[in-house]
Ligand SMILES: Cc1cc2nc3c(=O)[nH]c(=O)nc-3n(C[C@H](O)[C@H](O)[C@H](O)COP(=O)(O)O)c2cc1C
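Given next, in C-alpha cells, is a single chain: the form predicted on its own.
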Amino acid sequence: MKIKEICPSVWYVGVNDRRTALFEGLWPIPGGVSYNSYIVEGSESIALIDSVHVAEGPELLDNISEVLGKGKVAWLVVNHMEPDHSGSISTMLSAFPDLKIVCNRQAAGMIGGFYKITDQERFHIVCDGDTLSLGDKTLKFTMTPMVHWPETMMTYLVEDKVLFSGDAFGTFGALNGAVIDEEMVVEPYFEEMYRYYSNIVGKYGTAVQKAFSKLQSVEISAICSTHGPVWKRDIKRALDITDRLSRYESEPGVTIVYGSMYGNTARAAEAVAEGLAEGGVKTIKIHDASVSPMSYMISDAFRYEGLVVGSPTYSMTLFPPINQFLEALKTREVRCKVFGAIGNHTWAPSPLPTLINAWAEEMKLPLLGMVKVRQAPDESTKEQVKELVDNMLGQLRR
C-alpha cells in the first residue's frame, strides 16, 4: 500500500485486503476493505496507532520500515481490539522487543485472552483524558465504550488536531491508490459508510451519541479511521452521516423488502412501489429477500424513512428470509420508520397480521396498513395498495 504523509511526522502505513469475501464472516465486501494503521513520530519517541489483520502483519512491517528505516516503534496504541486491527500485535512485539502497548484496562484483558500477552510490564494503561508525550507531539485518549466494543477508545494528536477514531467514521472498500479524501472520488466510500455503520455499529446509537458529546469541543483537522479514507475535506459530512444514523434519523425514501415464492407477493410489492413513485417518492429501494444480501437490505432499511415488508405465509409463519430480516432489524433496534406491510396466504387463515403487528409493536413502529393478498392480487388488492400508499404518503418527506 502507498505510504502517505497525513501531516508533518504522521504517516498512513495501512494495508488493503481484497481477498476476504465476507467481513466478520457475514457482510459482503466486493470492493475489499482497508486496515488502517498510522505512524506518529515525535521528537523523543514513535507511536504506531492500531495494527492490522494478522495475515497483513508482514506488509505493515514493510510499510513501517519504509517510513522509519531502522527507527524503532516505542508505543503501540490499541484503540480497538477486534482482530482485524489487533491481530498483528504479536508480530509487532517480535519486531520491536521493547514495544509498550498503550490501551485501557479492558483492552489489556482482551489482549491476554486473544494473544496470551499477560506481562503487565508490557502495558501502559490509560484512562479517559490521559495523555502520552512523544516529545513534541502529545497523544490524548478518550474512552468511547460500545463504539462498537466495550474497550473502544479514540486517540487525539493534540498539536496537529488529528483524531484517530478507531472504527468510528469507517467504511467498507479498499483504498484504490489514494488515501486522503481530497485525492479521490469519495461517493463510493460514503455509500459504503451507510452499510458499514448499519451492519456493524447500528445497535449502539446511544453510545455513539455519548462519544459525539465528548468530541463537541475538539477541533479536528483530520479523521484517521481504521477502515476507509482519511477524512480532511469531508470531515463535516463524515461526522454528519454518523451523527444522523446514530440518532436513527432517516433520509427521504422508502425501502421495500419482500419474499415471494411464485411472484404474487412480488406483484403486490411492485404495485406499492409504483403508487409511492406516483405520489412523489423519488428514492425507492426494492429487495427480493431471497436474492439480496442481508447486508444491503439492512443498510437501506436503516438509511431511508419508509419501510414496507412483504411476506407470503410459509408453514404458518413468516417466509424465512423475511423473518431473518425482521430479526436483523430488531437486533439493531431500528426506530422512527414509516412502516407498512404486505401479507399473502393461500388456504388457512393467515398468521401474518398477528406476527407483523407483534413485531411492529415491539419495535414501536406504528403499522400504517397491511395489504392482505389471498393467493394472487385482485381488485381488492389494488384498493388496499392505494390505502397503504396514501397513509404512507401522508407521513413521508419527499
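Bear in mind the structure is a predicted one, so any value in this text is a computation, not a measurement. Residue positions are given as counts along the sequence shown, with the first one as 1.
Below: the form predicted together with the ligand, not depicted.
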- Of the residues Tyr314, Phe212, Phe96, Tyr115, which one places a heavy atom within 4.5 Å of the ligand in the predicted complex? Tyr314
- Query: Considering the ligand in the predicted complex, which of Thr255, Ser260, Ser198, Thr242 comes within 4.5 Å of it through any heavy atom?
  - Reply: Ser260
- Note on the structure: For the ligand in the predicted complex, the stretch among 325-333, 50-58, 360-368, 340-348 with residues bearing a heavy atom within 4.5 Å is 340-348
- Message: Please tell me whether any heavy atom belonging to Ser88 falls inside 4.5 Å of a heavy atom of the ligand, as the geometry stands in the predicted complex.
- Response: no
- Do Asn79 and the ligand share at least one heavy atom pair within 4.5 Å in the predicted complex? no
- Message: Is it the case that Thr152, even though its partner is missing from this view, gets within 4.5 Å of the ligand in the predicted complex, heavy atoms only?
- Response: no
- Message: Given that the ligand is not shown alongside this chain, does Ser250 nevertheless sit within 4.5 Å of it in the predicted complex, heavy atom to heavy atom?
- Response: no
- Residues in 361-395 that come within 4.5 Å of the ligand in the predicted complex by at least one heavy atom, in order, are Gln375
